[in-house]
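The chain that follows stands alone, in the form predicted on its own, written as structure tokens.
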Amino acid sequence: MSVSQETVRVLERLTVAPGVCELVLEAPSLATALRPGQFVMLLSEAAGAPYLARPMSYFRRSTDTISVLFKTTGSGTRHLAGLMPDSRLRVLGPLGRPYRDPAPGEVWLVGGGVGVPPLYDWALTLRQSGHRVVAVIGARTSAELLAVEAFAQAVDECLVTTNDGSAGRRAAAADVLSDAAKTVYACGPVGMLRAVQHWASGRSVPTYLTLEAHMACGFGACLGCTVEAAHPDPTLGAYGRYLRVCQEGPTFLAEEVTL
């Protein structure tokens, strides 16, 4: 896999929910190179922009565009959300490892909050490969649900959950997992991932957790995005206790990490 840095143009800026923005980027080489599960690092070239790039999973892609969908949580994401069409961004990617192929049988995708969009292109890929795909889209409230319509068209079955019951079933996303699932991929808040990890414990169901982390470089040098390894490698000393989200991840088998 070849990683490159290039300057791309913002084609569109969309507000898709309160505090949630989608940027559509003109990036033909990345649109070709990216694989489901990978991510990019975005850095604005505007004056006054934050110094460090921000890691972003991609949402949609076409022949020559990709989009990123994110929640504005700090100065970096607020700056990105304020970019106008024709703004320029420096993009490093593709980064991270793509999703690993599923076992035979029904595939379940469990997304919570802004962990939903990274699963979308994987859903399309799985369906094209002939898998039956069930998506679980979760959020705290109906106002925070993301990409439900897109997933409803992309998968065989789409289940919606909200913590307050304002849409779909009143439940946490992990609560609706079924033994019909033969492979599970989950992306979302740590609490949701822990619940999926707990569900997978004792089951012979390959379960993959996609993690988010603060990172400065995106390619393993800064060691700022580590997660505790469930099975440390003693030959590596202290380094063997941790895995890098940007290099060994961002997706891990549930039994590989301690959350």
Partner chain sequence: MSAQAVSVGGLSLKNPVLVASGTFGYGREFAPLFDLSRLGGIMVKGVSVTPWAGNAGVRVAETESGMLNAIGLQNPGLQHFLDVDWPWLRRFDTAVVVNVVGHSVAEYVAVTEAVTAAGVGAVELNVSCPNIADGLVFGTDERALFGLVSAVRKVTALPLIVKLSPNTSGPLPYARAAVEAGADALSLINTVLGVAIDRNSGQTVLGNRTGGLSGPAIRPIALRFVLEVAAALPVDLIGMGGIATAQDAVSFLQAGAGAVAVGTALFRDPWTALRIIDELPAALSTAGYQTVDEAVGRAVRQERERRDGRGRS
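Residue numbers count along the first chain shown, from 1. Just so it is clear, the model here is predicted, and its values are computed rather than measured.
Keep in mind that the form predicted together with its partner chain is missing from the display, and what follows is about it.
Student: Decide yes or no: are Ala33, Gln153 and Ala167 jointly within 4.5 Å of its partner chain in the model of the complex, with each residue judged by its heavy atoms?
Tutor: No, because Ala33, Gln153 and Ala167 lack any heavy atom that approaches its partner chain to within 4.5 Å in the model of the complex.
Student: With the partner removed from view, which of 208 to 216, 192 to 200, 57 to 65, 25 to 33 is the stretch that lies within 4.5 Å of its partner chain in the model of the complex, judged by heavy atom distances?
Tutor: In the other structure, the partner sits against 208 to 216.
Student: Please check if Leu236 has a heavy atom lying within 4.5 Å of any heavy atom of its partner chain in the model of the complex.
Tutor: Residue-level check for Leu236: yes, a contact with its partner chain.
Student: Report whether the minimum heavy atom distance between Ser75 and its partner chain in the model of the complex is within 4.5 Å.
Tutor: The answer is yes: Ser75 has a heavy atom within 4.5 Å of its partner chain.
Student: Contact between Lys71 and its partner chain in the model of the complex at 4.5 Å, heavy atoms?
Tutor: Outside the cut-off, so no.
Student: With the partner left out here, check for me: in the model of the complex, does some heavy atom of Arg9 sit within 4.5 Å of its partner chain?
Tutor: Arg9: no, not in contact with its partner chain in the model of the complex.
Student: Though the partner is not shown here, which residues of 204 to 234 have a heavy atom within 4.5 Å of its partner chain in the model of the complex?
Tutor: Going through 204 to 234 in order - heavy atoms within 4.5 Å of its partner chain in the model of the complex - the hits are His214, Met215, Ala216, Cys217, Phe219, Gly220, Ala221, Cys222, Leu223, Gly224, Thr226.
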